[in-house]
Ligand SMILES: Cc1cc2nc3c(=O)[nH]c(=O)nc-3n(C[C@H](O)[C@H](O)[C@H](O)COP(=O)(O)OP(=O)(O)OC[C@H]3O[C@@H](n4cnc5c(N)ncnc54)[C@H](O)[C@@H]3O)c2cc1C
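Have a look below at one chain only, the form predicted alone, in structure tokens format.
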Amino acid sequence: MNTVDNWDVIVVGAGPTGLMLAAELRLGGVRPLVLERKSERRDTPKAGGLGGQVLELLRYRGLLDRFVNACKGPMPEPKFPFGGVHLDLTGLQDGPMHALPLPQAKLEKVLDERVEELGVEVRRGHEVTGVSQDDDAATVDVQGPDGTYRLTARYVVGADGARSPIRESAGIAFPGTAYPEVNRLAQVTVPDTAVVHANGDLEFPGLGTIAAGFTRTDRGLMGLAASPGNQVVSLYTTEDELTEYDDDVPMALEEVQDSVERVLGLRPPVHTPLRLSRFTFKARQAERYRKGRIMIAGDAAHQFPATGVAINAGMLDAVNLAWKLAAVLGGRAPEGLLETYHDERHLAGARTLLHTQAQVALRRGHDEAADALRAVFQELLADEPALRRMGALLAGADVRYPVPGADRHPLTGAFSPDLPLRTAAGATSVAELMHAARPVLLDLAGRSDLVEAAGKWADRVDVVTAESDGRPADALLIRPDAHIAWAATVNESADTAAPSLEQALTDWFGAP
């Protein structure tokens, strides 16, 4: 076995998390290599799209239109299942949660094109068989199409799924719970004789009707989403079952029909499947997201017992980790910066586990008390503040990272709002400033004291002076992942603001 090459970072796994990480590392000037054990992109439908805060992050990178253009179907209304009830956000102005119906294979194709244009090497059909590390490097043994070989890297990141060999090689514990249920999701067409009523009910003349929303029987849960005038409907079932399924074996249409028949006693005459997926639910979170030179992200770090959140969480892991690895490899990181990856994303993962496990409790109850709980919960969602709060929780938009210091501005740790900006060069926005994935000091009040203080970090922090109506602060220090590291309150004195900014710059971006 020969040592072939040395890399900055080896990313194991070419799913959405691994590809997003590789792209972000390249923006930070890092030379990553992606290794994927499968020789071709997965065709088996898995996730059905993107949703939540990652859509905002992609917009801030100037990439969202690529993903939108890859979608062929109509954009769904912001209505989301939540543990057997529904979050209907259609009445909210600027709702916190949106979804993009982009099957995972198409999502990965867009990300593949992105990493290719950035010059990232992706080796498919190369399986990692072992990982070790010492004080200087990590070593990766690989089985490729032409035999075995060995690579070294400064860091290795396992984005290799829930059964992650990288996590296991590092000895990182993955505690949690598996739930005895199988979920099946199908997007299918119905015959011309079927009728979708105004209330969303789906009638098959001579056979029966499937009610819109969720129907619970003593044999399981049935979900239906259908729109009048559209012959494409979504069916969802949940049944208690202990069968172990191979995720790489596609589900057949007959399996969905069998499941609906078991739950409802009605076999739907559906055809032409657009999406078929089967999944089980587990609630697990790795004890550590980092062990020395080995890190984990995405499903390797967490599993959630609800749909629509895993890719969002994994891609946000990637963005958080990439700029920190780039700073370390560039020799400009303060001590302990990589530890904040675990601190911040473990906190975000715990927050996602909180609401997905709450969904388990809501959906798995089968008695009158459980029905009452769901009814009360649905009533609470009629109140806009509660609905907004739950939408932000589902999206991951409510995550606020811990920031040092006792006198923190209320915005610190939060994802930066997309303020419209007026600069000497013309109109722009916070989102446009984030396209390059570089830190930005945004001076909103003509604060020459803060601009001068930040000048010592000119090699690594961009300084932009702008005006914005109703400015929330005199200045914002925005990290490459668009979270706010520091903010100056309006009219804060130079005696306190400038030293505070210099400390924040040092804490996050190293010594001047």
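We number the residues from 1 along the sequence you see. What you see is a predicted model; the values in this text were computed from it and never measured.
Form predicted together with the ligand: not shown, discussed below.
Item to check | One residue of H409, R363, R278, K324 in contact with the ligand, assessed in the predicted bound form (non-hydrogen atom, 4.5 angstroms) | outcome: Flagged contact: R278.
Checklist entry - Just one of R66, R460, R42, R471 has a heavy atom within 4.5 angstroms of the ligand in the predicted bound form, so which one? => result After the contact test, the surviving option is R42.
Checklist entry - Are any of the heavy atoms in R293 no more than 4.5 Å from a heavy atom of the ligand in the predicted bound form? => result No, R293 is distant from the partner.
Checklist entry - Quick one: is V12 in contact with the ligand in the predicted bound form, heavy atoms, 4.5 Å cut-off? => result Yes, contact at 4.5 Å.
Next on the checklist: Can you tell me if E36 lies within 4.5 angstroms of the ligand in the predicted bound form, counting non-hydrogen atoms only?
Outcome noted: It does: once the ligand is placed as it appears in the predicted bound form, E36 has a heavy atom within 4.5 Å of it.
Next on the checklist: Test of understanding: in the predicted bound form, would P268 fall inside 4.5 Å of the ligand by heavy atoms?
Outcome noted: P268: no, not in contact with the ligand in the predicted bound form.
Item to check | Interface segment, criterion being heavy atoms within 4.5 Å of the ligand in the predicted bound form, picked from 331-339, 121-129, 235-243, 432-440 | outcome: That would be 121-129.
Next on the checklist: Each of P78, P81 and G220 within 4.5 Å of the ligand in the predicted bound form, by any heavy atom, yes or no?
Outcome noted: Judged in the predicted bound form, none of P78, P81 and G220 sits within 4.5 Å of the ligand.
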